[in-house]
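Starting off, we have a lone chain in the form predicted on its own, written out as C-alpha cells.
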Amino acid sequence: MQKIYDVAIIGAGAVGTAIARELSRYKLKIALVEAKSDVGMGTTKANTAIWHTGFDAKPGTLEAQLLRRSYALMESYAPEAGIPTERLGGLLVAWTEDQFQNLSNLLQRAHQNGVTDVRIISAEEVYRLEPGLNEGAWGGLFVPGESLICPFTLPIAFATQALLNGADLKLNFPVQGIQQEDGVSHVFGPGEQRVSARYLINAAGLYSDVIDHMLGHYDFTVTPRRGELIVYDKFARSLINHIILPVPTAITKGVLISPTVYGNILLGPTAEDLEDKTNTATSEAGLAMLLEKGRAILPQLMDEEVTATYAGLRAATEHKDYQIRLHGEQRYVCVGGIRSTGVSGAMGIAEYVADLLAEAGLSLAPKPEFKTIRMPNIGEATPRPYQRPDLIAQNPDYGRMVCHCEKVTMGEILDAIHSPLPARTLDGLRRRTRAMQGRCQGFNCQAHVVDILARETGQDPKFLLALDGREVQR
C-alpha cells in the first residue's frame, strides 16, 4: 500500500530543508523530495555566503518581515547547531554624491525594518575602518549585524535535523507530474517513484513556477538571474575587515567584496537575466566586469591570485517580493520568488509556512522531544579538527591530512561519508569538508579523496569522477 505522508516538500535547498526541520518538531509524517543527488545543490550553494539583517528590504513586504524574524531565529540556531558564522558588519560605500545622498534613505529604511544600529559614517571613518579602499569615497553606511555564514553547512544541518526527527528524504527525485484526488497530492518522479501527501509545499526554487503550473496556478514566472563570482586566495584575506557593499539599485544589490568563513575573499556577483535554468557557466564578459569593479573598489585585490570562479542562478520573478501563497482548497503552499535571500530568510520562511499549514487545517502537535544536532566545523573562526589535540588523541585520523590546501583530515572525510546525511559524491564531500576547494582545486588530493569515497561506499571511481564533472559545472 502506498504510504501517505502528512506533508510533502518539493525542493531541498535552504528553504525546503528549513521547512522540513520546522515541521519535524511536530507529530507529522514528512517527505522531502529533491531532484538532485544531495541537498543544497541549487541556488543555495552558489551565493555570496552572507547572512543578511534585511536592513535594505522594502518596508512592509513579506521579505522584510521574514528576514527580520529569520535573523532572530538564526542568532539562536547557528551557535546551537555549529553553523560557521562571523559577525564582521557590512559597510556600504558611497562613491558618488548621489549615492551619499541616498544613504539617508537607506538609513530610514533600515530603521523602518527594525534594524536600528545602522549609522551613516564619514569618509574619514570609512578609511579608518577600511584603509585599503580606493580613493574617492564620500562616506558610508555601517551595518553591524551583516555577517558571514557557511551556505553549505546550513541546509545539511536543517536536513540532518529533520531526518533525526523522523522525516524522510528522497533524492534524485525530479518531479514529473502532480495529481490531486480525494484530498491527497500524488507527486510523481522517474519510473514508478511516487510520493503521496495530504499537504503539499512547493519550495522548488528556480522551478517553483513549473511546479505551480502543475497545480493550475500562473501567478508568477521565474527568470533565472545569473550571478558570477570570483574567489580569491586566502593570502588576500587581510585586505579588508568588513563586508564591502555597494549602494543598491532597484534591480540588484550590486557587486560586493566580502570575506568568507573559509578565509577567502569573494568578488561579485553579476546580475544577468537568462532563459536557461541550468546555465551556471561563467562568462568572459561577466568576469571582466567584476575585475573592473574590483579594481575600482579595492585596487590591491587585483594583485592577488584567483582560486576559483563560479556562477549561481537566483529565482527572480516579475514581482519585488516573496511569492508565498496558501491555496487552502488544495492544501498547497507555494514558496517562490525567494531570489537571493533564501539562506538568510529560510528559518523565518519555514515558521511562516507552518502557520499557513495550520491555517489550512494541519494539526501541529509538538513532539515530546525535538532532537538537536551539532555540525562539524569547517569555518576558520573556531578551531578545526587538525588544531585540536584532544580530538587527535581520541582518533588519530583527525591528524592525518588529506587535503593540505584546506587542512581537511581523514577523520573529517570519514565522518562526512558516514554521517546521518552522508556524502556520496565528490561535490558532497567538498561542501561538507572543504576538501578540493583550495588553491590547487583538487589537483593534489582528488585521487586520494576518490579512493577513500570509492572504498567507503563501494562506488566505481570512474563513475564518481564522471558524476563530479556533471554536477560541479565550473
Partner chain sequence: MSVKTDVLIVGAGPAGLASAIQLKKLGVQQVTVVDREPEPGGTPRLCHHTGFGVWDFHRLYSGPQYARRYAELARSLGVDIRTETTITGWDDENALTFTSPQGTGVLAASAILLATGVRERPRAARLIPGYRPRGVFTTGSLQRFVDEQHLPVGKRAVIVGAEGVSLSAFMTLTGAGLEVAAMLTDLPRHQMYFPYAPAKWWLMDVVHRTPIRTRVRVQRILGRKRVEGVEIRRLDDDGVEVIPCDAVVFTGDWIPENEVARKGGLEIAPGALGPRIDGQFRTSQPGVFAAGNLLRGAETAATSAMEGRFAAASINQYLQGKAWPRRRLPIQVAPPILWSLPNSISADGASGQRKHIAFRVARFINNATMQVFQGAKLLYEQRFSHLPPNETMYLSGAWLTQVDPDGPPPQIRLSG
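Numbering follows the first chain given and starts at 1. Every value quoted in this text rests on a predicted model; they were computed, and no experiment measured them.
Beyond the structure shown, there is the form predicted together with the partner chain, which is absent from this document and is the topic of what follows.
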| request: With the partner chain left out here, work out from 105-113, 283-291, 355-363, 154-162 which stretch has heavy atoms within 4.5 Å of it in the predicted complex. | output: 283-291
| query | From the list 217, 87, 400, 325, which entry has a heavy atom within 4.5 Å of the partner chain in the predicted complex? | reply | 400
| query | Among 279, 176, 101, 241, which has at least one heavy atom within 4.5 Å of the partner chain in the predicted complex? | reply | 279
| query | Does every residue of 83, 142 and 245 put a non-hydrogen atom within 4.5 angstroms of the partner chain in the predicted complex? | reply | no
| Taking the shortest heavy atom distance, is residue 444 within 4.5 Å of the partner chain in the predicted complex? | yes
| query | Wondering, does residue 414 line up within 4.5 Å of the partner chain in the predicted complex on heavy atoms? | reply | no
| task | Report yes if any heavy atom of residue 389 sits within 4.5 Å of a heavy atom of the partner chain in the predicted complex; otherwise report no. | result | yes
| said: Contact with the partner chain in the predicted complex for residue 233, defined as at least one heavy atom pair within 4.5 Å: yes or no? | reply: yes
| query | Which residues, if any, of 302-334 lie within 4.5 Å of the partner chain in the predicted complex when only heavy atoms count? | reply | 304, 305, 306, 307, 308, 309, 310
